[in-house]
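As structure tokens, one chain now follows by itself in the form predicted on its own.
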């Protein structure tokens, strides 16, 4: 692991320790009040779910074309993080929606497509875990398909009437809200980088153990 890993980890932990205070000090939204503060966790998680889907899809495409084991390990690590940050989105979204809209869930284009994207990557992980020989190729194709759904999820609230607002909220935030939002984004991005790095390294060690095991059998 890089020498920079430990100080970066401490910085990320400090950011997350300070995040509740930063969010608490941010101004209240006039209409939704306190419940709007879920925004500071929900939106960064959604951003990282999308980014991780692209990382997984691109790395999977590299693996499919070049048979790069390193790209496949990166894809698997990113796929797991799509599911992790997607879970945060799927929990915080209904909690926010229940107070803001009066319903936990609505089968509109935005919410349904986000759920579908999350389920695609759950299926990707299940294929990778239980698919047997050739699961890397099938999983890679699924990851590319999942990645292709990200733009649809992003623009769905622009072209269809949905409860979910269009992705134009951040530029209109008040100065106090904007600072708190970018603080939380920084914390979540730092966490994402750390988790991706650790999971990729674990994959490298697993591959080395498997190589040694096969060498002993020979």
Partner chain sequence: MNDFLRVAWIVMRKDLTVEMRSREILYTTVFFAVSCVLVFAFALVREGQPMEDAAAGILWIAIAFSGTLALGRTFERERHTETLRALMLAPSDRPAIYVGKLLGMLALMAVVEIVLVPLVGLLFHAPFQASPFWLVVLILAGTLGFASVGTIFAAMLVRARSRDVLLPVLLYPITIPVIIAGVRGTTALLQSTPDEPMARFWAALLVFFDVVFVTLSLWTFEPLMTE
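Note that the coordinates shown come from a computational prediction; the quantities given were computed from them, not determined experimentally. Residue numbers count along the first chain shown, from 1.
Missing here is the form predicted together with the partner chain; even so, the following discussion is about that form.
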Complete contact of 92, 95 and 178 with the partner chain in the predicted bound form (any heavy atom, 4.5 Å): no
Among 83-91, 133-141, 70-78, 96-104, the region lying within 4.5 Å of the partner chain in the predicted bound form by heavy atom distance: 133-141
Partner proximity in the predicted bound form: residue 186 to the partner chain, non-hydrogen atom cutoff 4.5 Å: no
Non-hydrogen atom contact residue 28 with the partner chain in the predicted bound form at 4.5 angstroms: no
Contact of residue 54 with the partner chain in the predicted bound form (heavy atom, 4.5 Å): no
Any non-hydrogen atom of residue 65 within 4.5 angstroms of the partner chain in the predicted bound form: yes
Of 155, 38, 191, 47, the one that lies within 4.5 Å of the partner chain in the predicted bound form (heavy atoms): 155
In the predicted bound form, residues of 93-110 near the partner chain [heavy atom within 4.5 Å]: none
